[in-house]
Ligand SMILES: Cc1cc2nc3c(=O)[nH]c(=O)nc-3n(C[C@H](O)[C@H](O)[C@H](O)COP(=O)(O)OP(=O)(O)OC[C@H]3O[C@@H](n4cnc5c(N)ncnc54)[C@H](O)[C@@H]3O)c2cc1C
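Single chain ahead, written as structure tokens, the form predicted on its own.
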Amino acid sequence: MRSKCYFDTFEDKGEIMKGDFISQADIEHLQEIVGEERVSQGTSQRELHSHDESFHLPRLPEVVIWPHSTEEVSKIIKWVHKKEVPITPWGAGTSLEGNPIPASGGMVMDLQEMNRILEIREEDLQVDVQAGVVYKELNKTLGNYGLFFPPDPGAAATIGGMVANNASGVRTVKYGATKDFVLKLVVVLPAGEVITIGSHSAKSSSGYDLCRLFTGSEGTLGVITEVTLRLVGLPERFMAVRTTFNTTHDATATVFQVMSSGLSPAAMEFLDEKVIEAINHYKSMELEEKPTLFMEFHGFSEAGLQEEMGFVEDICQGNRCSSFASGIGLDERNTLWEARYDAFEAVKRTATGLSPLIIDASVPISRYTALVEFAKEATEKLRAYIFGHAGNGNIHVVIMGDPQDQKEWSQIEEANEVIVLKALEFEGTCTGEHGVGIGKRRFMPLEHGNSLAVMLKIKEALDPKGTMNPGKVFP
């Protein structure tokens, strides 16, 4: 649960003041663009758009606005550019690194009402959507066509937010991250100019790859309003596996061996015994409380999948697994993945009143075991839970604590620091999928070196007034 003292802290420091940037005349102008009902300075809406799911302190915007079209976004951005008002694009607010917190106040542009599926191009395996479409709802519709959009971050994220953050999730190990599915974007630049980048062609070698530039830019270079996504056919068959181990080392060593064996899991998730305990409590389940791997394999035939399962079981047995269950039925498979998706919520519910610091780092698969073991040692005296997308070396460490307890929170931040630095030492990254936001800015020079200066030049070229989601990405 989010502690109310967050809002009190900001108010006590005097860091929230209505009227810093926006006058009543400005509000009336914005209402002329989108209508009175889609502009709000109400306290409840401002508070709702002041924080994400992270521990980072909220910041109230002065105004929240809901556009319905690219044209309206362009008009708003032109006004923002002229007035030099900070603007933060908003998807669903499910980010975990402070990415959509309006760090400089100003305006939050909530794109959730731009939620139309514009065209399903079934024969091209593509779909055109507005940025506010929720990916789970999209996949429900696409299922009627035998298609789906594979990246799956778990939370009810919007497509625009997923593109801006280059979200991934449990199926990334087989299918890839959001960037691997973006074919075309409509973007409103910081001065209000509308550009279309990419095409409906499945491949292109024409010019700079601007789709990749804006994917993962976290709203610092412009506002994404429309997206064309590549789709994949729904798998004919699947097989889920749940296997437990007596030690973390045996579980994580299995990950490397499965991935290097030529097998191609659609998902491979690691959960330590503390996470399983939290899930059991939250979901009223009776999973064995040991280091656990959840795996899923997709294929065309039951026989082919059974053969793969034989190889997987051999690897697990070779690493002294204590249990191995495959061929799990649809209901149990769905229950397992629901439990995995709820892992973060389960952890939070075990520590009501405390706040989470979430570490998201990724390393080469050969270093995954070493990073997990290092993280367990670094958090031994803290209330820490370790899980992640093991198949591509992505670790999440959730540490629960009280930000108002300076001694405890200092220990938590120190653990965050050393784990991320260890990931960089292992030639990994400070963020595998949660983005830079506020929390990972300080690691950017160490990870990127001189190339960070190139990123900054791009930012300054596109957004010379610095109005687009200020306070993010760059230290």
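In this text, all values refer to a predicted model and were calculated from it rather than measured experimentally. All residue numbers are counted from 1 along the displayed sequence.
Keep in mind that the form predicted in complex with the ligand is not shown, yet the notes after this line are about it.
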Handout entry: 4.5 Å heavy atom contact, G93 and the ligand in the predicted complex
Key = yes
Problem - 4.5 Å heavy atom contact, G219 to the ligand in the predicted complex - result: yes
Practice task
Please run the contact check for S168 against the ligand in the predicted complex: heavy atoms, 4.5 angstroms, yes or no?
Solution key: yes
Exercise for the section: State yes or no: in the predicted complex, is some non-hydrogen atom of P89 no more than 4.5 angstroms from a non-hydrogen atom of the ligand? Expected result: yes
Practice task
Spot the stretch among 228-236, 81-89, 322-330, 369-377 with residues whose non-hydrogen atoms come within 4.5 Å of the ligand in the predicted complex.
Solution key: 81-89
Practice task
May I ask whether A131, P153 and G160 each come within 4.5 Å of the ligand in the predicted complex, counting any non-hydrogen atom?
Solution key: yes
Problem - in the predicted complex, the one of M107, I399, V275, A164 near the ligand [non-hydrogen atom within 4.5 angstroms] - result: A164
Problem - The unique member of Y282, F256, F344, W337 whose heavy atoms fall within 4.5 Å of the ligand in the predicted complex - result: F344
Exercise for the section: Counting only non-hydrogen atoms and a 4.5 Å cut-off, give the residues of 371-398 close to the ligand in the predicted complex. Expected result: H389
